[in-house]
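As structure tokens, one chain now follows by itself in the form predicted alone.
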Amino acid sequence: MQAQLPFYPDQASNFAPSVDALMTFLILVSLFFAVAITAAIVFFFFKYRRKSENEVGYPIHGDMRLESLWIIVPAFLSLAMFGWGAVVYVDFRHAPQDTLDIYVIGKQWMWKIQQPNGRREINELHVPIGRDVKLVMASEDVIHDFYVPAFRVKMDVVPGHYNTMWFRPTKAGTYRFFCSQYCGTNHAVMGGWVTVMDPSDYAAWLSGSSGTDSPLVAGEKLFTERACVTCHIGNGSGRAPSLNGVYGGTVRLADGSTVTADDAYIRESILVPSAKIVAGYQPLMPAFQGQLTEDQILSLTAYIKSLQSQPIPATGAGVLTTGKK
């Protein structure tokens, strides 16, 4: 019903109905109390106005029933709003396992998007209907924010950090997306279009790529070109830990602590490797801060993810648990 109202965008994702229902509840509660309180003020203004100049008011004693009522009712409504919002938020922040991962990089003042097979887009995003899609996002300069009103999803895109968000498109069509975080002079024009397609049409569109390497292939090339392969040897015999099965697992560090090998950890280990040293290894890796673009970091991460299926060496990896499914 909300999508038919002029002040609601289309409902085009799995989150839209729940977000709209919560928003409608908040609006109705606010309107109810706004009208009720205003009506009470107007009513009491006339009912208890001074009717003569020498009239003196009389003391009114409190009523515990009334006091309890306006404590319990607002508390109940507040808890209901919080609980409902928490359910929607937790669902938004926990992506399903089998998602279509698409990489998004914001820069003044454009969005660079790369599909899983390497096809690149500028200010456009093509996704299949009915498929869980996860956006892995980073910024090359300042803070941006990726916002799709029809999907009811938005997420900050922060330099030096990965953020992710997911959604499931439910309605074919073309929908606007924006940067909703002021990012400079041309912030207002930093936007584009999401095109939601039937899975068969999406597959056909994806197959018409321009021949750009997929992130995995590009990452494997970089891994060799930057001489990473000379130290990160798969069998664990190198001067650096093997990366087989590392992604998604728990890694033991030299200081005795542990860390989950997620996107943020991989990124930090590439740019500032001395920040977290794996147990049993020396801080020999050079820093690549300022030498790699966000596209290249994402490609290297995609390649490291692909090593989850490779055999894990018996010694020297520092891996307590692996990321294998």
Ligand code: HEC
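In this text, residue numbers run from 1 along the sequence as written. These numbers were taken from a predicted model, which means no experiment stands behind them.
Keep in mind the form predicted in complex with ligand HEC is missing from the figure; the text below concerns it.
**Q** P215: heavy atom within 4.5 Å of ligand HEC in the predicted bound form?
**A** Output for P215 is no: heavy atoms all beyond 4.5 Å of ligand HEC.
**Q** Can you check whether V29 is within 4.5 Å of ligand HEC in the predicted bound form, heavy atom basis?
**A** It does not: once ligand HEC is placed as it appears in the predicted bound form, V29 has no heavy atom within 4.5 Å of it.
**Q** Under a 4.5 Å heavy atom criterion, is L298 part of the interface with ligand HEC in the predicted bound form?
**A** Heavy-atom contact with ligand HEC at 4.5 Å: absent for L298.
**Q** Report whether the minimum heavy atom distance between Y202 and ligand HEC in the predicted bound form is within 4.5 Å.
**A** Flag for Y202 set to no.
**Q** Ligand HEC isn't shown here, but in the predicted bound form, which of 104-112, 117-125, 222-230, 138-146 has heavy atoms within 4.5 Å of it?
**A** In short, 222-230.
**Q** Within 4.5 Å of ligand HEC in the predicted bound form, do we find a heavy atom from each of G173, Y175 and V196?
**A** No residue of the spot touches ligand HEC in the predicted bound form.
**Q** What is the one choice in L66, L284, V42, A36 with a heavy atom within 4.5 Å of ligand HEC in the predicted bound form?
**A** Looking at L66, L284, V42, A36 one by one, just L284 meets the 4.5 Å heavy-atom criterion.
**Q** For the heavy atom contacts within 4.5 Å of ligand HEC in the predicted bound form, list the residues of 256-279 involved, in sequence order.
**A** Those in contact are Y265, I266, S269, I270, P273, K276, I277, V278.
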